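This document opens with one chain alone, in structure tokens, the form predicted alone.
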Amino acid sequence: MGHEPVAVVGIGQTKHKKRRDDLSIAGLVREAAQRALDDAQMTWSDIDAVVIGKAPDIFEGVMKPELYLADALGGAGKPVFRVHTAGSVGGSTAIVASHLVSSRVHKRVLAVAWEKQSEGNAQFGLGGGKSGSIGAGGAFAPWIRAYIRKSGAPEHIGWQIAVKDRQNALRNPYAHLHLKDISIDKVRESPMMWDPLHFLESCPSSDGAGAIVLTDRAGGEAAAADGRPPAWVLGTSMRSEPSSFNGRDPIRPQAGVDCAWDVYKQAGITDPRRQIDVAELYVPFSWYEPMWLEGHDIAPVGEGWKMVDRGETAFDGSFPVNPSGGVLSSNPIGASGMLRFLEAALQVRGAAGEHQVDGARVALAQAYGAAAQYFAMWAVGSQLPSS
């Protein structure tokens, strides 16, 4: 007996903002979860298990928050699972939930991920509880410089991506940043944070949550028959590697390459550039778009920036990347990966609203974390996988 097909039938997210002081953490996650349940036309009692994910507890200083959130997420008397894989955790949470369905352990699973950065200090947390941390940008900037040097990419590529994703965010009412006057000049003239990254090439600090409801083949087919097309999970994978070892390539980590090809194999994808219609990639700093296009073999090594330069990753391009606005526009860290995964599902359901990509049938979602060492990816499609 093979794996049970998995369908995403409910999707919900909060409005992402710098500060959601109208809600507690419990209220924030419940807002996203309730929207996902409403979308799935289910109630709390229909859910068999809950999977919760977030970034390190030190970010908000609330230890083991899954214990206190069980009641808010309808988890009393049910299995509640906590997932943590650094910045990739939102994606990992979706994958763990999908495996509970594909393995036939549960039929209906709620997955929720969140962050409330306004109630903590991520910079302090990233520095291991010490002041003066260089932050994520400081860690990634040397690798970005190495990519630019090796590929020969011109400096405007990063500015171009920053403008593209902020313009995409204007189509997404849930996005944190709505910068109507964004321009290449504004990005270029914004303060230098970590050379070569300017302030406007960097992600914001956001409060927000995302949630999905996953179910089995029968549940997905029932939703489809009711006029609510599901997103079918075509392939999932998680991979990791140490942050440093002899011969490691931090520009194109092997774990990211392996993760992508594991998903492609499961989904029957042999030419990702041609067979994938849209991608939601974890790009907290602008230059990671071409780096992941190459790191997941969507573009040949050294050619990712050329896809960007030709406009292929634009909303109306031949390979749209981050039509939602991406992490550059909304970054509730623990939820940022989940947002990539649920946005990919929205695309193949034809339910992405103003940022819907025409004809999206297969979508790729990716999240990465820590020192570009943890990866979570899935491919979703509008059609049930062939058995």
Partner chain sequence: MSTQTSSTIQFPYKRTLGPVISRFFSELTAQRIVGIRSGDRVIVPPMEYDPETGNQLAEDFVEVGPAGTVVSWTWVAEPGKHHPLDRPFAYALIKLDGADTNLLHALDAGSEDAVSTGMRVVPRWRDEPVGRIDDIVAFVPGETPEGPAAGEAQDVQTMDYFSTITYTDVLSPTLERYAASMRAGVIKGQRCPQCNRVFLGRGYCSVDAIILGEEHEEALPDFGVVSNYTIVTPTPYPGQKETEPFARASVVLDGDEMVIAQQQIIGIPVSEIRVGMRVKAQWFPAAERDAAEITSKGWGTVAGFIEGWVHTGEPDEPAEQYMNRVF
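Positions refer to the first chain, counted from 1. Fair warning: this is a prediction, and the values are worked out from it, not measured in the lab.
The form predicted together with the partner chain is left out here; the points below concern that form.
Using a 4.5 Å heavy atom cut-off, indicate which stretch of 92-100, 117-125, 272-280, 170-178 touches the partner chain in the model of the complex. Selected range: 117-125.
Quick one: of W194, W261, F81, F315, which gets a non-hydrogen atom within 4.5 angstroms of the partner chain in the model of the complex? Flagged contact: W194.
Give me the residue from A86, A222, I182, A72 that has a heavy atom within 4.5 Å of the partner chain in the model of the complex. The option sitting close enough to the partner is A72.
At the 4.5 Å heavy atom threshold, is P142 in contact with the partner chain in the model of the complex? Yes - in the model of the complex, heavy atoms of P142 and the partner chain come within 4.5 Å of each other.
Decide whether A218 counts as a contact residue for the partner chain in the model of the complex under a heavy atom distance cut-off of 4.5 Å. Residue-level check for A218: no, no contact with the partner chain.
Within 4.5 Å, heavy atoms only: does A146 come near the partner chain in the model of the complex? Yes - in the model of the complex, heavy atoms of A146 and the partner chain come within 4.5 Å of each other.
Taking heavy atoms only, is R349 within 4.5 angstroms of the partner chain in the model of the complex? Heavy-atom contact with the partner chain at 4.5 Å: absent for R349.
Each of A26, R30 and W44 having a non-hydrogen atom within 4.5 Å of the partner chain in the model of the complex: is that the case here? Affirmative, all three are within 4.5 Å.
If you look in the model of the complex, which residues in 46-80 sit within 4.5 Å of the partner chain (heavy atoms)? Read in sequence order, the residues that approach the partner chain (within 4.5 Å, in the model of the complex) are I58, F59, E60, G61, V62, Y68, D71, A72, G74, A76.
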